[in-house]
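Read the single chain below, which is given as structure tokens and is the form predicted on its own.
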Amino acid sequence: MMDRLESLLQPDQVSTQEETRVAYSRDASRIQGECRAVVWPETVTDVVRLAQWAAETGIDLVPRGAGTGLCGGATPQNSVVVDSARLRQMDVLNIQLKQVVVEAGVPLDQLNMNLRSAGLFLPVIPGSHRSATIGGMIATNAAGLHAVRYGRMANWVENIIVVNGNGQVQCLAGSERSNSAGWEGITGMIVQATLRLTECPGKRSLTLLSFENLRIMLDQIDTLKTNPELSAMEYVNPNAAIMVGWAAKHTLLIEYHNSDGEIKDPEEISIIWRGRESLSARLTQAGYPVSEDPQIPPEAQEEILGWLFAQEIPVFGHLGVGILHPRFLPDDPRIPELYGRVSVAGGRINGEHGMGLKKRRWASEALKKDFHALKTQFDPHHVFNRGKLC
């Protein structure tokens, strides 16, 4: 079967070498899998051939962007990994419509760098923006640092080109986009998308607010949100703040797309943002490598954030939309306790990282029902991302 796989593509597009298979046997989740081979398609036709081969052989395909996923969504289970790294064409930029057509393997920062001369950008900025790919961001419906103003990735997708489990190329537009965005590759491999863009902000300013009392901080959030120029609302709890040299207090990083913030110097703003964005790496180095992503409703934030602080668990995240990133030791028994608390509060245990392999046993009956309906429609042979999500 592997011989036939190698015949589908050029020699440099397929590898069964042990070192390659080991490198692709897991993503950033650290969940270990087993990789049978790695392929690098260069065209949509390549992906079609791969899907047809997989349907015939019964071997499943795992789409992979940059491998930054934290829930095992790109971890193979005796699977062939399909790396989108060579699907990097940026085909059409329509400045008047503020739209761009890009392939799935284009990294976000590269896209925004190319758009800068046109004064446009894609404003969904996850923490992994330096390497995160467009396909991966659509598959997980990424949120990120500016979600309080710009929403999630699905809000910026005009249409999606997908190769489904039957090896058919489909254009998903309108309401059909929801059959791919946020579904972690279970309905097929995203190969291209038309994205909406917005104008780069002319000004930025920032305010850092520190609080001894969590309730007082939370009481200010609704007022802060009334400013139409608000572009980010990031929270850092005392246990995490000390990691970047900030005071051990409940801290809000508030950014505006005008001069309403107290800090207006671009270099000072960059320094503060670099501190916030360094938190993930710093906490990993400090022995907290496991990142969670609950989305907590406002009425439950004081109770859950208070519990996390009392447990001395470092937390940061996008409080403007309720998505937070508590950090844990591996196999910490408080992780399932957190899931339980969030579920009881009416929140979501997967705010932006997805379910993948890590959280599939927590899938609701409603999610399982939707999953099976989508698999039947788009991937009846379970070609793509078998065993993920549910």
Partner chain sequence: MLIDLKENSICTECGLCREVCPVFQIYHQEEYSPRGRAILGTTGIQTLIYYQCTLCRTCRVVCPIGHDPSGETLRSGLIAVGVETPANQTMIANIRQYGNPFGLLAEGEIPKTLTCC
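Note that the coordinates shown come from a computational prediction; the quantities given were computed from them, not determined experimentally. Positions refer to the first chain, counted from 1.
Heads up, the form predicted together with the partner chain isn't pictured, but that's what we're talking about next.
With the partner omitted here, the stretch from 293-301, 315-323, 124-132, 144-152 that lies within 4.5 Å of the partner chain by heavy atoms in the predicted complex is 124-132. Only one of Q110, N227, T198, Q220 lies close to the partner chain in the predicted complex, with a heavy atom inside 4.5 Å, and it is Q110. Checking R86, K249, R215, K264 for any heavy atom within 4.5 Å of the partner chain in the predicted complex turns up a single hit: R86.
For V48, no non-hydrogen atom is located within 4.5 Å of the partner chain in the predicted complex, even though that partner is not displayed. Taking the partner from the other structure, the partner chain in the predicted complex has a heavy atom within 4.5 Å of a heavy atom of S278. Contact annotation for R36: none of its heavy atoms lies within 4.5 Å of the partner chain in the predicted complex. Heavy atoms of Q285 reach within 4.5 Å of the partner chain in the predicted complex, making it an interface residue. Of the residues in 51-69, those that come within 4.5 Å of the partner chain in the predicted complex through at least one heavy atom are, in sequence order, R64, G65, A66, G67, T68.
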